[in-house]
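We begin with a single chain expressed as structure tokens, specifically the form predicted on its own.
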């Protein structure tokens, strides 16, 4: 059996999927899995397409296990369980493509070296993305590996929305707003066209809300604006990332508090967000189960920041026809969706509380001016489609 494998190595999780190919190179999901809670208590689950669990593993004392450690465990397991499968390609989510990588490409040593240079712009993601590529290259050097970039979906948006108000020479040197979560937004745009073509052709904000979180304003399925900028630190409050912050705070950290750059980076990327505000956890599930007032404040701040940024994106779009929730929090946390929608009532968003509570695909009332939807994202399938497009010319 021929197959392709999609790997999505994120800041706190590693998702993967195996797609079987028929004689027409059509991909069919065979099995998928996820290692989540990396840095806390990693847990692995692999299942078939009909949800039959193939393998599970918990590392209750594994807070120090790195992405590379867990990937090596996964690949060791896979070698013994995919013996009848011919893997013809691996595809990877690579968070930052910079100015030069604006479409999926085959990875060789030269490409890998260029992508390595972008690690400082995505320190929570890029090193893990590239670690997966290196591990596979060591295990199966003859199998093609395809890099699919989170920044690519936003590459051709209006030039004005890519600029910071800094000297032009710095912008020309690559210091600009790139945008991220592009594979997720590309999949949602594609899926929305299938579910509601009329809405897909309109003005839609999609909220990729998870441990990493951002919003994207789309007009007719094309990215117009997004909350993340030069790095994946910008925009919304996240699991451990602060999101948008007054640059003066960073100057204060360094000049008045004597912090070095590495200390500032650690605070903003790893000690802030839900974790920093609550002092409890970066996981929305844990916070929602807590009675601590700090947990409630963190959840409310997350929702307020999301609604605030959504208002700004609605201004960019010049109106709003729909709002799509996706990713871990967006798909599964009804309370957070409700908090955000209540703050968007001024735009005409009217949430159906009962539909929202049961995680229905449409959670707006019939009279709502803004259609509210929950659509599961599938970055792994989007990666698979890009693999087939690059290798066989199939339309993604």
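Note that the coordinates shown come from a computational prediction; the quantities given were computed from them, not determined experimentally. Positions refer to the first chain, counted from 1.
From this point on, the text means the form predicted together with a small molecule, which you will not see here.
Visitor: Of the options 272, 211, 278, 145, which one has a non-hydrogen atom that comes within 4.5 Å of the small molecule in the predicted bound form?
Guide: In short, 211.
Visitor: Pick from 107, 307, 200, 284: which residue has any heavy atom within 4.5 angstroms of the small molecule in the predicted bound form?
Guide: Spelling it out, the residue with a heavy atom inside the cut-off is 284.
Visitor: Check residue 38 for me: does it contact the small molecule in the predicted bound form (non-hydrogen atoms, 4.5 angstroms)?
Guide: No, residue 38 is distant from the partner.
Visitor: Is there a heavy atom of residue 47 no more than 4.5 Å from a heavy atom of the small molecule in the predicted bound form?
Guide: Residue-level check for residue 47: no, no contact with the small molecule.
Visitor: Is residue 371 part of the interface with the small molecule in the predicted bound form - any heavy atom within 4.5 Å?
Guide: Residue 371 lies outside the contact set for the small molecule.
Visitor: Please determine whether residue 327 contacts the small molecule in the predicted bound form, using a 4.5 Å cut-off between heavy atoms.
Guide: Residue 327: yes, in contact with the small molecule in the predicted bound form.
Visitor: Among the candidate stretches 171-179, 284-292, 255-263, 137-145, which one is within 4.5 Å of the small molecule in the predicted bound form when only heavy atoms are counted?
Guide: Looking at the partner contacts, the answer comes out as 284-292.
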